[in-house]
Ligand code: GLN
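Just the one chain here, laid out as structure tokens, in the form predicted on its own.
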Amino acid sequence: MPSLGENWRKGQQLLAEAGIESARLDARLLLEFVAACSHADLLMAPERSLDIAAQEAFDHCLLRRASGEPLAYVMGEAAFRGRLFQVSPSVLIPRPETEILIDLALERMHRLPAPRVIDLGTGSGIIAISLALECPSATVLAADLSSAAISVARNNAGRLGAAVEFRQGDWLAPVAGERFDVIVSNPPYVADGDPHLALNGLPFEPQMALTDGADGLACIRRIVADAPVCLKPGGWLLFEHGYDQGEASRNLLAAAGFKDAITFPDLAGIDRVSGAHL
């Protein structure tokens, strides 16, 4: 059987020929994943051979990655905020720019003794779970239309020890009549037909979590319109959006009766989150 070193070189070449820019790193991570070894193990014992099962798994993973499937789906996991979340093609892959939404929510949650929070369109649960773990005094709910996404999120909450209550349904419909101090969401905000949907592995991600099938603001309009009856006095609505949707988001918030609408940039200086309070 080929050694670890030989497999690494083979994997790097195959991925590079397939046009994967991070071929060397991806081949290494996949090899460490199937061989259950560390980077140090790989460097110190490159002559070690894989067993048959691991070799077959590595070859299969390489073919999936070479096809353009995102590394996170091939490995079934992705790191976010220092935690490892399980992911599947039923949910979006966690992205670091979403951290600003969590930081902004936590800033408001920590001002209250026992905040009540809901995450709309929770996907893999990264937002709700992070909020629950980083503000233990909070009551955190999470909703999603997809039963498959709820299953992934519930599993992540169990693995990470986060107390999150899950509801299945369309945006705020599963919590009609309930009130919250903070509502957060990373809704679909890519316009239908946007060329970016065909790039960077996005065709492998759930399209209903990426685009609203319209102008990119349809889901945001729905959330903004429905949020006031589900917020306590002074409660905040915070949501992620596209780089060019800050002004439109602030206008929607103001039209719905929210106060002090503001847009926050991510670490790259790109408009990322808008929010306001009652």
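Note that the structure is predicted; figures quoted are calculated from it, not measured. Quick note: we count residues from 1 along the sequence shown, nothing fancier.
Just so you know, the form predicted together with glutamine (GLN) exists too; it's not on screen, but the next bit is about it.
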* Asked: When you measure heavy atoms, are P2, I52 and H60 every one within 4.5 angstroms of glutamine (GLN) in the model of the complex?
  -> no
* Using heavy atoms only and a 4.5 Å cut-off, determine which of L133, L202, L145, L106 is in contact with glutamine (GLN) in the model of the complex. => L202
* **The unique member of R179, H110, R95, R159 whose heavy atoms fall within 4.5 Å of glutamine (GLN) in the model of the complex** => R95
* Out of the stretches listed (112 to 120, 165 to 173, 204 to 212, 136 to 144), which one is close to glutamine (GLN) in the model of the complex, meaning heavy atoms within 4.5 Å? -> 204 to 212
* State yes or no: in the model of the complex, is some non-hydrogen atom of D26 no more than 4.5 angstroms from a non-hydrogen atom of glutamine (GLN)? => no
* To do: Would you check, heavy atoms only and a 4.5 Å threshold, whether M75 touches glutamine (GLN) in the model of the complex?
  => no
* To do: May I ask you to check whether F80 falls inside a 4.5 Å heavy atom distance of glutamine (GLN) in the model of the complex?
  => no
* Using 4.5 Å between non-hydrogen atoms, is V190 touching glutamine (GLN) in the model of the complex? -> yes
